[in-house]
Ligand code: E4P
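Okay, so here's just one chain, in structure tokens, the form predicted on its own.
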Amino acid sequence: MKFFVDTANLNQIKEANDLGILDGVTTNPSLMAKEGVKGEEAIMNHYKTICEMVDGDISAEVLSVTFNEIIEEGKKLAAIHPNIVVKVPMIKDGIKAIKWFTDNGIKTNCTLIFSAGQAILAAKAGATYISPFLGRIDDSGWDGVQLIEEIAQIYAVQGFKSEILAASIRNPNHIIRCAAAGADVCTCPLDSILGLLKHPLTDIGLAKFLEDAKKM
């Protein structure tokens, strides 16, 4: 399973990349605004900087919702760097745009997926990635990881090539469960990835090793 960090913060991206396990980055307008990145030129430059930092796919989200506008915006984003993946919402015109991007050699990430039916449509259109938002599904009283399992089973049976990118991950346990459920990628805040490092027995064991080493 590939690890993407879900942020527009350059320091967090560098820290995740320095771990040696980072495969890519996902962003969205909210994350850009959180870092104070506003305006088309500033956003484009920020994406370019991220692409120069990370050797992997970088999802850049369109703000448009009509077919022609999605295409024009997506082409601009794709021109920033070969690693850009155009992030398109799961709407009717979004599916049409994903098919157009696929036919024209532009990678896509279909975002805001909340059902297996939506995942099937995105795969049929040729999406490079599909992004089920499991944390938001959990918030609504359902189990988001079950959706990951269902999509993974359907894709295996049907031979769909789209990669399942588990999004809206809230904690380290989400990452572990998504790996077991068959997700190809997880994207999450840096804190969730760092949380995988932690276990109280590791801390106890290391303290004991260091204590014994002093006696040698």
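Treat the numbers as computed from the prediction; the structure is a model and nothing was measured. Just count from 1 along the sequence shown to find any residue number.
The same protein also has a form predicted together with erythose-4-phosphate, omitted here; what follows describes it.
When erythose-4-phosphate is considered in the model of the complex, only one residue from 99, 136, 81, 107 comes within 4.5 Å through any heavy atom, namely 136. 167 is the sole member of 151, 167, 58, 178 with a non-hydrogen atom within 4.5 Å of erythose-4-phosphate in the model of the complex. Taking the partner from elsewhere, residue 31 is found to have a heavy atom lying within 4.5 Å of erythose-4-phosphate in the model of the complex. The candidate stretches are 141-149, 128-136, 88-96, 70-78, and the one lying within 4.5 Å of erythose-4-phosphate in the model of the complex by heavy atoms is 128-136. Applying a 4.5 Å heavy atom cutoff to erythose-4-phosphate in the model of the complex picks out 6 as the lone residue from 5-25.
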